Structure formats: C-alpha cells, structure tokens
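What follows is a single chain, given as structure tokens, in the form predicted on its own.
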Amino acid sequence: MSSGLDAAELSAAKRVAIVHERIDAAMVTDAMKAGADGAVCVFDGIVRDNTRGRRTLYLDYEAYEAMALAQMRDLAAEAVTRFKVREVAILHRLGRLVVGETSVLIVVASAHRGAAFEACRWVIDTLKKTVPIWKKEQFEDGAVWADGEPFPEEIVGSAEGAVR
C-alpha cells in the first residue's frame, strides 16, 4: 500500500505535510538519511486499541489545515535551529484511522543521537499542544473529542536549555 509519496518525491517541501493517505514510515525514514548523519530518530505515533480502559474502534482526525501546516513548518524549522539537527520531517494524517495505522510521523536527522532524540521529543510534544489538529476517539460505547496531552515539564526545561 502506498502513502502517495515515493522517496524521490519526498522533497524538502513535502517533508512537512498533512496527508489523507497511509504514511509509509520506512520510506520517509530512508529518504531522510544522508552521509553527514550519525542518527535518525523516529517517532511513529500509531492508533492503539484502547484509551483509559475503553476499547478503541477507530480515530477521526480533523484540522484547520492551512494553519496546522504553517505551524508544522515553523516547528520543523525551529527544531533545526534550536537543537542543531540537519533536518526534520513531520507528517500528520487526517481522516479515519484504524488500530495500528500511523497518525503522525516525526523523523529527525542529525550528526549526533542526543540532539536527534531531544528534537524529536520536543517536536511531538509541541505539536500535540499547539497545532490545530483534533482527534475524535470512537469507542464501543460512544465517542469523545480527545484533549491534548499535557506538555511534559522536563521538556520545557530541556528545550529552554538548548536555546542558550
């Protein structure tokens, strides 16, 4: 099954994208690798089969697409500057997703693993808190619009330290 992008099409402009098709995490990760990299850190957010003890049937993602895409581009650029990594890819899927499918993919390429890990964590945590993408969780016994997870306190201090 194709994500609608192949490795040759994963240009810099498409490394930050909102998609409606399946995300091919392996293809994106492979396309991000370069000779100067010593590390590629990947966060592959997938739909799990439960939330707080309730069985999940599927998720529906919606977004204010123009604003979300602009903010995702800003996050990628800020991560490159803040953590001194080579490149960041952010892909988020919209529409109906079933258990096991990728909803969001963050890939960070860097000369060093520490920077890659820190940048990857900061990007996903910041995206979940600030980017206008909403998730409706459909359970066996009803549906709810999910609140974003709280921003981890340890990341706030870590990211501030990286700027200095």
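In this text, residue numbers run from 1 along the sequence as written. Because the structure is predicted, anything quoted here is derived from the model rather than measured.
The same protein also exists as the form predicted together with another copy of the chain; that form is not shown, yet it is the one meant from here on.
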item	value
Residue 57: touches another copy of the chain in the model of the complex, heavy atom cutoff 4.5 angstroms	no
Contact test in the model of the complex: residue 113 vs another copy of the chain, heavy atoms, 4.5 Å	yes
Contact of residue 31 with another copy of the chain in the model of the complex (heavy atom, 4.5 Å)	no
Residue contact check: residue 48 to another copy of the chain in the model of the complex, 4.5 Å heavy atom	yes
Residues within 4.5 Å of another copy of the chain in the model of the complex, restricted to 116 to 147 and counted by heavy atom	117, 118, 120, 121, 124, 125, 128
